[in-house]
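First comes one chain, alone, set out as structure tokens in the form predicted alone.
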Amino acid sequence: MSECLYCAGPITNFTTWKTLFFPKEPLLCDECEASFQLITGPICPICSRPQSSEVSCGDCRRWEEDLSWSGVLRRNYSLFTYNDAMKEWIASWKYRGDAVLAQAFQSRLQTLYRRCCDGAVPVPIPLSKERLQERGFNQSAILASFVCPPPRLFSKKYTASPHEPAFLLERTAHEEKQSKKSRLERMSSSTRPFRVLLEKNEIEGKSFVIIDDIYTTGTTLRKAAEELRRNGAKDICSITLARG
């Protein structure tokens, strides 16, 4: 019997044919596992927002009707809804320093990447120096490190360590936390907070998947995608742990 990574309660392991041939230690107890709501059923075909039909949601229609943003981000894939349990989990993980909690969703992120974005270069959303110092770690970099090691496609390797994904983007502006902004403020912001750290010829013709923790309005992801697109990226999608 092991302990739940989140609540520290006991995990009872039941042997099945699957666990017999593919043994893997569970990281969450049944109660915690059930509290996180996987996205199923009809979703927006662009951002993965759960809804009653498979049509583009209002936010995505607004993005796609704007010629300067249309097609910048091909598709976002999210695993979970941003329900109360996920909000509390992300607060514990991101704002209270419990970085190890992300391991609970490593396997699901790997599966999502292989199914939807296989072969694309993982690009974590970078933090500003101030935010990184405040938090102590980059939550997007942790998630990106789970999906797969970045292929050696570039003349330089922008990594903090051999075990971290390539930092191909740099944050050039320290902004107010997105969680403190309204939906309208996020979507109407004209700042360009990212820049590419590579030469344009190293971006051209390649596919990228931007990794972040939460998709709310898609502003941050699209601004990162815009910078890659301006430098010749062929295709850009994104993966987020939760869809707000």
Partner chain sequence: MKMIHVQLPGDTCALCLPEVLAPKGGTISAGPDIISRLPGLSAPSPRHVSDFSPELYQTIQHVCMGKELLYEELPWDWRDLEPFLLARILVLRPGLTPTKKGWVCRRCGNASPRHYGVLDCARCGTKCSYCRHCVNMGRVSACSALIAWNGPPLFSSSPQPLLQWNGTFSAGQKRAAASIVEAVETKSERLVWAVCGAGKTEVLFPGMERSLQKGERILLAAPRTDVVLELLPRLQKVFPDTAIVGLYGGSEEKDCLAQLVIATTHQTMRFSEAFDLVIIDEVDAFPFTADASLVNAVEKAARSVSARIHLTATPTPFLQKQVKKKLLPCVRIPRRYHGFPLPVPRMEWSGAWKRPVTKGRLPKKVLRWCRTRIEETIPAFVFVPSVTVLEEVTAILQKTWAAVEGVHSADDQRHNKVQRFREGTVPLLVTTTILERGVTIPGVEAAVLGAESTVFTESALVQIAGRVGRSSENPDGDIVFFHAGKTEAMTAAVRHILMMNKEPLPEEASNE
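Positions refer to the first chain, counted from 1. Remember, predicted model here, so these are calculated numbers, not experimental data.
The form predicted together with the partner chain exists for this protein as well; it is not shown, and the discussion that follows is about that form.
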Subject >> the partner chain contact at residue 98 in the predicted bound form, heavy atom, 4.5 Å >> reply: yes
**OP:** State yes or no: in the predicted bound form, is some non-hydrogen atom of residue 136 no more than 4.5 angstroms from a non-hydrogen atom of the partner chain?
**Re:** yes
**OP:** Answer yes if any heavy atom of residue 5 is within 4.5 Å of a heavy atom of the partner chain in the predicted bound form; otherwise answer no.
**Re:** yes
Original post:
Do residue 132 and the partner chain come within 4.5 Å of each other in the predicted bound form, heavy atoms counted?
Top reply: yes
**OP:** Spot the stretch among 104 to 112, 136 to 144, 117 to 125, 73 to 81 with residues whose non-hydrogen atoms come within 4.5 Å of the partner chain in the predicted bound form.
**Re:** 136 to 144
